[in-house]
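Starting off, we have a lone chain in the form predicted on its own, written out as structure tokens.
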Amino acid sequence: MTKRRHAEIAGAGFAGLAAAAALCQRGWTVRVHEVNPEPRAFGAGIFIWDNGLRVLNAIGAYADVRNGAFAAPAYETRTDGKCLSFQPINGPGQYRLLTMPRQHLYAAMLKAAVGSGAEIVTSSEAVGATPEGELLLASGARLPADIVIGADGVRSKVRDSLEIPQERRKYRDGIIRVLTDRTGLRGGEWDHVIDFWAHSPRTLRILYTPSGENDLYMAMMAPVADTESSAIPINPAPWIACFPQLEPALSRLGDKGRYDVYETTKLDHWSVGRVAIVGDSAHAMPPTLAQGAGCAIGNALGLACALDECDTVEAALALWERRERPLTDHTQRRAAEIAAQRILASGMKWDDEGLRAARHVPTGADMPFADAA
């Protein structure tokens, strides 16, 4: 009997769970290490465009994600009270975009990974890896595998242990992500995704996002230098001054939210020996194109496909990066340009530059959707 290949994965986030599910489906045994006492999603809401939905369909999480997610009928941009762009979405022949709380997406992906056979180990901290294919734990354990996957986030210890040359950049803006309820903001235009911008009395942005029947996600952009607007707990006064129509939601945020500065991480290469770096560990990007999760889970699925196609792990990793990296580099570059120049204030650009990833059919994700007619 042929011995099943084995993977050790650091990080039970979206990229780690996608890789786990995809590898288990291809006959691997998989163990995922999560540093926290229980697997959970951090943050508030999330956008999943068509490319990400295709990956979820491929790993068996799509039906659970779709049930309870929100499909807005339109995406619009309003700057200083004027509508600058309006795009119908989620209809026949239109762009597909589902929005939801991060925990909703996470629960579906965790279910898919465990249901496929992945083992999730909590309170297990990965501190490094060796090119020969060992995952190193804080406990002192050295776990051999056919492949080690570092999916442990922006501050990845697995990545840093391998000393991969990298470029990191922070930007002048940051974002507060909050999830609240939709009381007073339901129906009609309030079912749209609306990108609100204000340039007076200060520059602020709220990406207003219905994320379920009762859930409202707001991504609130404020310059780093604007200490009043970027303060945590949130000071509602400057936000209400710029967006009085959102006062019903802004006035009840309490101590919710966390402020994070936009940043980019770019690696010289995505693998060393038998170790692959996936997701934000490899290609963190500003959230301006809402493609951080889409690229992460797409590349995780692409990695599993490459490993299935090649005779050696090393050949698979070379194929994987050659095939997946060009689109990721493009998306990361464009997201950074948008963050640096605040391009979206003039309206969402529904073009190939901005939506190339959203329109892409990821490797291994070309099967019909479970709800297709």
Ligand SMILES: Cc1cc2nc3c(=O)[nH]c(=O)nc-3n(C[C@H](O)[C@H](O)[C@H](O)COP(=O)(O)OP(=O)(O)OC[C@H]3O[C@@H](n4cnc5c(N)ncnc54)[C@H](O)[C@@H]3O)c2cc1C
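Numbers for residues come from their place in the sequence shown, where the first is 1. Remember, it's a predicted structure, so these values are computed and weren't measured experimentally.
Another form, the form predicted together with the ligand, is not on view; read the next lines as being about it.
Mapping the unseen interface onto this chain, His33 counts among the residues with a heavy atom inside 4.5 Å of the ligand in the predicted complex.
Taking non-hydrogen atoms only, Tyr217 approaches the ligand to within 4.5 angstroms in the predicted complex.
Though the partner is left out of this view, Pro287 does reach within 4.5 Å of the ligand in the predicted complex, counting heavy atoms only. Contact annotation for Ala20: none of its heavy atoms lies within 4.5 Å of the ligand in the predicted complex. Contact with the ligand, judged by heavy atoms within 4.5 Å in the predicted complex, is confined among 75-83, 178-186, 123-131, 232-240 to 123-131. Site annotation in the predicted complex: the residue of Gly257, Pro223, Gly153, Gly273 reaching within 4.5 Å of the ligand with a heavy atom is Gly153. Proximity of Ala15, Ile46 and Asp280 to the ligand in the predicted complex is complete: all three residues have a non-hydrogen atom within 4.5 angstroms. For the partner-free chain shown, nothing in 63-97 comes within 4.5 angstroms of the ligand in the predicted complex, judged by any non-hydrogen atom.
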